[in-house]
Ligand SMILES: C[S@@+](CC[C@H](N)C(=O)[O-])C[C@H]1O[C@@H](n2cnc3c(N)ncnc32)[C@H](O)[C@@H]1O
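Here you get one chain, nothing else, as structure tokens; it is the form predicted alone.
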């Protein structure tokens, strides 16, 4: 039977791959790299994945298959419906890859940014394909280091203080929070600079962009004092590279660390 591995590769630095990820990659016959059209900066994601393969695997021991997937349309539907439609379109592409680009008993893999269980849809897509019954395969997940862990390490802070919970959410969901509800909140996928809504509170921010890469940017401070500087940093970074992947922690001061 065919097998598919979802391998977490961390937030872009080849040094963040685990030994398990590297050893699993050595078993793979074909790596699938999905491309999102001609969007500026996206070629860097492809380049990093290929650099990882070249660093840890011997040439000629594997093959790479590239496939284009549609970009998610952000207008005309609710967020959930838009994501659902987009994942169905990706599922069709991945189904054809498994059918046509793999031989029986071969192993295929997707190199997943960060961790395949944290804000990544490939696991649910594979499960959807199996439910549809159009192609049969086994699958396995290999966890990866997330940007959350890298962010805390870079700022030299614990992710949780004594007796304190951690909330992990997105910029879209963060809009629904009040300042009083922000105690220790990790925010991913924020294209809105949602942190600005808390500028009048006493909240601290620990921010990181392109974590682990040569372009890494770190920034922290009392939010009400640094919010305009951070908005400028994010805007300039996005303009320079064509994309921005950042993570940050909003935290009430105090607490036992």
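Numbering follows the first chain given and starts at 1. Please read all numbers here as calculations on a predicted model, not as lab measurements.
A second form of this protein, the form predicted in complex with this ligand, is not displayed here; the remarks below concern that form.
The candidate stretches are 122-130, 181-189, 157-165, 100-108, and the one lying within 4.5 Å of this ligand in the predicted bound form by heavy atoms is 181-189. Interface membership of residue 91, defined by any non-hydrogen atom within 4.5 Å of this ligand in the predicted bound form, is ruled out.
Although the partner is absent here, residue 152 lies well away from this ligand in the predicted bound form, with no heavy atom inside 4.5 Å. For residue 210, a non-hydrogen atom is located within 4.5 Å of this ligand in the predicted bound form, even though that partner is not displayed.
A residue is said to contact a partner when one of its heavy atoms sits within 4.5 Å of a partner heavy atom; residue 245 meets this definition for this ligand in the predicted bound form.
Residues from 100-115 that approach this ligand in the predicted bound form with a non-hydrogen atom closer than or equal to 4.5 Å are 113, 114, 115, in the order they occur in the chain.
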